[in-house]
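The chain below stands alone, shown as structure tokens; this is the form predicted on its own.
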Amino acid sequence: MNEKLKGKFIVLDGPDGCGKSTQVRMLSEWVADQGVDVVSYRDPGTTIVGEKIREILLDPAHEGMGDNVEVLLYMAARAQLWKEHISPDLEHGKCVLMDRWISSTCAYQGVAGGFGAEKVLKIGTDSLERVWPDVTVVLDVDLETAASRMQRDLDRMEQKGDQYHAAVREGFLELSVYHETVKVVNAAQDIEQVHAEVLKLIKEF
């Protein structure tokens, strides 16, 4: 696994409350245990530019923001992250783990927001050196389970309501239509079970 994980770009994605951050941390520890130099980032964020864009996107005060504006802001943060970190890390043989990527924009703004997943991918293709990672693991979870995990103040995206988030979930489940490297894991299971399934998919790839 050591040689196979070097220079790989892996994304964990899914609806709010699916447990991405926990699974990214666990996967990062496992990759490191294989003797591979691993880094993990969140999208949007990580860079100075990305964190400022993240604040704008998630601030509940900006409730009037259009889906097209969200798409462009997310893509801008992503392009900066690619330039500053992801591209050089991959070139140096590091395994890059991401908490969200373009798959999120396809599901949230593309499907749930009505912008269109195809249009999101077109903008991504024009803006990024690489749109699809080596593998995207979608952590699928039902709305009730997701809501029970988010016992905190909700950000602007999380406040959009059940109908919106049901559409987000469907958007994630449809992603395999756009690329064969998108795989789905049942994230309603306990943490260790989800981790085991994520590892199984990574090993297969």
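Note that residue numbering follows the sequence shown and begins at 1. For clarity, every value in this text was computed on a predicted model and none was experimentally measured.
As for the form predicted together with a small molecule, it is not shown, yet the points below apply to it.
The candidate stretches are 54 to 62, 139 to 147, 174 to 182, 28 to 36, and the one lying within 4.5 Å of the small molecule in the predicted complex by heavy atoms is 54 to 62. Among residues of the shown chain, Glu197 is not one whose heavy atoms approach the small molecule to within 4.5 Å in the predicted complex. Within this chain, Pro44 lines the site of the small molecule in the predicted complex, having a heavy atom no more than 4.5 Å away. Interface membership of Ala167, defined by any non-hydrogen atom within 4.5 Å of the small molecule in the predicted complex, is ruled out. Residue contact check for Val49: none of its heavy atoms lie within 4.5 Å of the small molecule in the predicted complex.
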